[in-house]
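Consider the single chain below, provided in structure tokens and representing the form predicted on its own.
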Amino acid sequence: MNIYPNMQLNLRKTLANLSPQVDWTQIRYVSEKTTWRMVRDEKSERNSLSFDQGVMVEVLIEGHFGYAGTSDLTEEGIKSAFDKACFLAKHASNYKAHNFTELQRPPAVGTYNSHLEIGLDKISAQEIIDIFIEATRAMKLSEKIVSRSATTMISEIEQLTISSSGADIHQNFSIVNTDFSVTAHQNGETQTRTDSGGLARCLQIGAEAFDRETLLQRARKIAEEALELLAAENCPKDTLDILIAPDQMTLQVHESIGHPLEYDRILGDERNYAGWSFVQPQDFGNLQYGSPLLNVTFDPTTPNGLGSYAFDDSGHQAAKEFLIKDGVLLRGLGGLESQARLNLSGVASSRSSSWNRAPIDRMANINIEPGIDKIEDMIKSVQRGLFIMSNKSWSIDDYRNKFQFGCEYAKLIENGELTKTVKNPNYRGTTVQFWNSLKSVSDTRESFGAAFCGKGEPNQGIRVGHKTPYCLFSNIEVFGA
């Protein structure tokens, strides 16, 4: 997508007229086109298209930021939003938590475009539907399989940010989310197997995401595994070594590393809605968060990562930074505002979900760096354990400390070999103890994405990526449903 040239000119003209009245002003324009395609049991079930656009006007008055959004893109509409932002900033400045300056809004200039091998305009709706019909047909391996679905969500987002201090940022995002699901039933037992545990293979990518053979292989694999689960024994209750696949590691990282390291949780800003964090400011540089094998990065530069970008919504240029190195907690997820309040270094993580939301501290791509071990050797090293994949349920307390995860599929590891399939695998632990039990990390990684990570009041569903290896943990409590 390309923003209309006359709209760019109009926004710049409007900004010039607004700027002299306040200390600083920014206009952030966002447009988003979202397409859904879904096939269930070889029948096309959903084909929809939505389009949304608007601007967020942000001002700085007396050391305080004020915001107001509008979908009225006329000069009058934007001026009305500006007036509202000024009103809110002036009144709230009497109660401000910190005296902010333009240092929290750098005058960044640059562009960003998702890396695509094949443009999304090179594949038609009919081609996608035909592939999905074939994929759901391929899942019908038995009469025991009672439901099959294939879904994609395609999002094309354009963002233009301009400010009175000279910021001029133009970013374009191409996002494809694909997911398959199959449900099998026999003798009162029902098991569902998905392609990625509900997180989906959501990436910044082009039409190459719809490679027919790759999608058919994924579809057949989960159908086979759903049938395995019908005949499987329940997961044993025990304390075992567990080898966790990248799709489940994605959620483990997301919930027990990403969210607890968000500075607004540590500050207490996020306490009411989704809990705060056990992490304290003095922990940075000191806390042994995990074993020396744990290396976690914030990396918006990850190729195809769902949370990749060049600049966050405050204009802070994105860069790869270590959050945890050799197991030691180094820095958290906080934009320039939270960094100023805590007097701690942070990252370019001030993000909003759209034009009608103010930016808050968020994840981007939170990745575990690869290790040196081969997956086969990791399995051989385990005398008795469990290989777990694909999330089914999760629970974590308000401090992001105690957690419990249920998964779709697992195999026992006995004397260094994968043996029988077990159903309803669950595991639990506490964050620091769990990550300190990490004893092996694979040399290969896979990328997944969470398309609707919720946070904030009002809620913001934002896109977050994770690139993770296979990880082996010792002495973890496991149990069946």
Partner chain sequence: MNFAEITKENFNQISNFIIESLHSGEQANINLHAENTTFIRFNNSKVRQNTHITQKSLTLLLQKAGRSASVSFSISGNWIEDKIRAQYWLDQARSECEILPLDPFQVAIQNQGSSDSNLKGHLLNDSEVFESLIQPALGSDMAGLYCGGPLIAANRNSLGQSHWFSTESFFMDYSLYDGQRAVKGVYAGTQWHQEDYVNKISTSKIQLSLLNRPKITLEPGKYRTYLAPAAVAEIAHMFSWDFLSYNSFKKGTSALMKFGNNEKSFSPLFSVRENFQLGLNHRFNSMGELAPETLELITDGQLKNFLVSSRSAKEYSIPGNAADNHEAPRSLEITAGNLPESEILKKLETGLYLSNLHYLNWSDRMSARITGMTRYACFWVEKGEIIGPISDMRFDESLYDCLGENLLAVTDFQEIDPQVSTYDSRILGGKKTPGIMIKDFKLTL
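Residue numbers count along the first chain shown, from 1. Owing to the predicted nature of the structure, the values given are computational and were not obtained by experimental measurement.
If you look for the form predicted together with the partner chain, you will not find it shown, but the lines that follow are about it.
In the model of the complex, Val382 touching the partner chain (heavy atom, 4.5 Å): Residue-level check for Val382: no, no contact with the partner chain.
4.5 angstroms heavy atom contact with the partner chain in the model of the complex for Asp269: Yes - in the model of the complex, heavy atoms of Asp269 and the partner chain come within 4.5 Å of each other.
In the model of the complex, Ser147 touching the partner chain (heavy atom, 4.5 Å): Flag for Ser147 set to yes.
Heavy atom of Gln21 within 4.5 Å of the partner chain in the model of the complex: Outside the cut-off, so no.
Option from 165-173, 367-375, 210-218, 125-133 whose residues, in the model of the complex, bring a heavy atom within 4.5 Å of the partner chain: Checking each option against the 4.5 Å cut-off leaves 125-133.
Interface residue in the model of the complex among Thr111, Ser395, Asn286, Thr101, criterion: non-hydrogen atom within 4.5 angstroms of the partner chain: Looking at the other structure, the residue within range turns out to be Ser395.
Residues from 44-60 in contact with the partner chain (non-hydrogen atom within 4.5 Å) in the model of the complex: Heavy-atom contacts to the partner chain in the model of the complex: Ser44, Glu45, Asn47, Ser48, Leu49, Ser50, Phe51, Asp52, Gln53, Met56.
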